[in-house]
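Starting off, we have a lone chain in the form predicted alone, written out as C-alpha cells.
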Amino acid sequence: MAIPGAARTPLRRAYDVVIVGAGVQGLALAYELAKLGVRDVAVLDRGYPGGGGSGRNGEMIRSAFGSPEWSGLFDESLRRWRTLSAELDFNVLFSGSGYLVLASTPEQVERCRADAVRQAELGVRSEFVTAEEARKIAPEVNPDLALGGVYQEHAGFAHHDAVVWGYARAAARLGVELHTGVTVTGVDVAGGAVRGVRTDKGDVSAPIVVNAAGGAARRVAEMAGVALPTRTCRLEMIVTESVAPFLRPALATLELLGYCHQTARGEFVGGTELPVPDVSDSLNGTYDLLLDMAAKFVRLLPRLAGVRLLRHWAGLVDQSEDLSPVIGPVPEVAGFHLTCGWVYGFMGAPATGALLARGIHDGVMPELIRPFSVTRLHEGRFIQEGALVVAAEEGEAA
C-alpha cells in the first residue's frame, strides 16, 4: 500500500531542514515550514508516518487547563483544530462534540470548580458543571462517578490516522520530502552547531535538525551530545466493536485516571493509567492494564459490560519531570531544535507546528512556546499544570 505523502525520489545528501520523526508533530512542523517558503525539508522516519505515539493515542482534544503556559498553547491549537480539515484539504474527522472532565469525590469537585475559575481568568471557554448537569451531558455514566466536572463544549476529538495522512499529503504538495524506512544513527555536530544526520541510507547535511522522535527523542538527543531530562513511558489503549451511539463528548475521569470517546462508527476508544508511570520502552501491551481498562470502563459506563474488545495496543511517550512538552532550540547546539517530551502531543500539534516553524524561520521563538524551552528543566523552572489526567509520581495524580 502506498504511504500517503511519501517521497518518490531517493534521499538526497543535503537539505535546509531535517526533521527526525514522521509523527504528527514532525509532519505538522514540515507543513508549516513549507507554508513559510522553507520547502527544502526532509522528514525521516525509521518506520511509517504515525507509527509511534501519533497513531496510538486517545485522539482527544481540549484546551481547558490550569496554567497560562498550557492554556495559551492548547487554546491556540484548539482554534486551529476547528478549521484543520479545510486547511489541509483532507477530512481529519474532527468532532467538536465536547470534552467533559469528571469529578467523583468532593475534593475533585472543588478542584474542578477552581480549574474552571482559573480557565475563565485565562480566557479559556469552559464551565464548571454540577452532578445533574454532568449526567445530562453524559447520561450513560455511572452517577456515583459524576459529582460534577469541567465541560468544554467546543472541544472533542479527531481521528489520529486521518490527521497524520492529512499533514503528510499537504506537506508533500508543498515540496516536503517524507522518507520512511530510514533510521537515523547519528547527529553530526561541529563547532557548537549541528551539521546534519547520519542514517542507514547515508549521511545528510543540514544546518537545522529537529528532534520530533517521540518515544525515541532522548536517544536522538544523545546522538547530538544533548542530555534530555526525560523518561520513556508506556501508555495503553483499547477499542471495542461498534455499538449504538451512547457517548457524545470525549470523557476523562480523575478518579479512574481514564479517558475515552466513541467514534462516529460506534467504536469505544479509551485508555487508563495506574497511579505510577509505566517507565518502559516496550510496545507490548500488558495483561494488567488490559484488566484495569476493562474493569474501570465498565464501572464508568455500565452498558459496556459484555461488549467485545477488538484491539489492545501500547504506545510510548517521552515525558519530562513536569509533564510539559519540550519545544524550541537547544542553546548549546546551534541549529538543533526539539519538539518532544509530549504527553498530549496529538492535541497540541496544530499550534506547535505553526509556532515552531515561525520560530525557526524568523530566528525568534514565539511567545506561546518560549516557556517550554529545555532550559527550564535544567534550571528547575518547572511548569505547574494541575489539570492533567495522567499518572504522575507515586501517591499523586496530575
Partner chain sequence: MNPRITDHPAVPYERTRRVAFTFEGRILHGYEGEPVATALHAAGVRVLSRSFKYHRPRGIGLTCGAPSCPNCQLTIDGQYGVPGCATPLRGGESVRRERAWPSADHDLFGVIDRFSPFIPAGFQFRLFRRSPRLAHLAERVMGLIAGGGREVTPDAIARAARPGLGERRTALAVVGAGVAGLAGALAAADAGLEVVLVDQGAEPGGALRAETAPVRTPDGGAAPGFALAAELAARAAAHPAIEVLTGSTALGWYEGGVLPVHTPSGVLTLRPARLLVATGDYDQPLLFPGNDRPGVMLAGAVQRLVNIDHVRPGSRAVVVTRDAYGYAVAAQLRAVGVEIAALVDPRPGERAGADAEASFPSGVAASGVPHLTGHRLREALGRRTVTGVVVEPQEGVDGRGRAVRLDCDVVVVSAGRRPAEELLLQRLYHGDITLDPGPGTALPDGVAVAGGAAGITDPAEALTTGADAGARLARWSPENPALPEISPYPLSPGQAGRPSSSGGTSE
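Given the structure is predicted, the values throughout are model-derived calculations rather than measurements. Positions refer to the first chain, counted from 1.
Although not depicted, the form predicted in complex with the partner chain is the subject of the following passage.
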Please determine, with the chain shown alone, which of 320-328, 131-139, 242-250, 109-117 has non-hydrogen atoms within 4.5 Å of the partner chain in the predicted bound form.
242-250
Contact residue in the predicted bound form, chosen from 51, 366, 371, 335 - any heavy atom within 4.5 Å of the partner chain
51
I need to confirm a contact call. Of 195, 231, 82, 296, which residue comes within 4.5 Å of the partner chain in the predicted bound form, counting heavy atoms only?
82
Are any of the heavy atoms in residue 172 no more than 4.5 Å from a heavy atom of the partner chain in the predicted bound form?
no
Even though the partner chain is not shown here, does residue 181 get within 4.5 Å of it in the predicted bound form, heavy atoms only?
yes
At the 4.5 Å heavy atom threshold, is residue 125 in contact with the partner chain in the predicted bound form?
no
Applying a 4.5 Å heavy atom distance criterion, does residue 218 contact the partner chain in the predicted bound form?
no
Taking heavy atoms and a 4.5 Å limit, what residues of 283-317 are near the partner chain in the predicted bound form?
283, 284, 285, 286, 287, 290, 303, 305, 306, 307, 308, 312
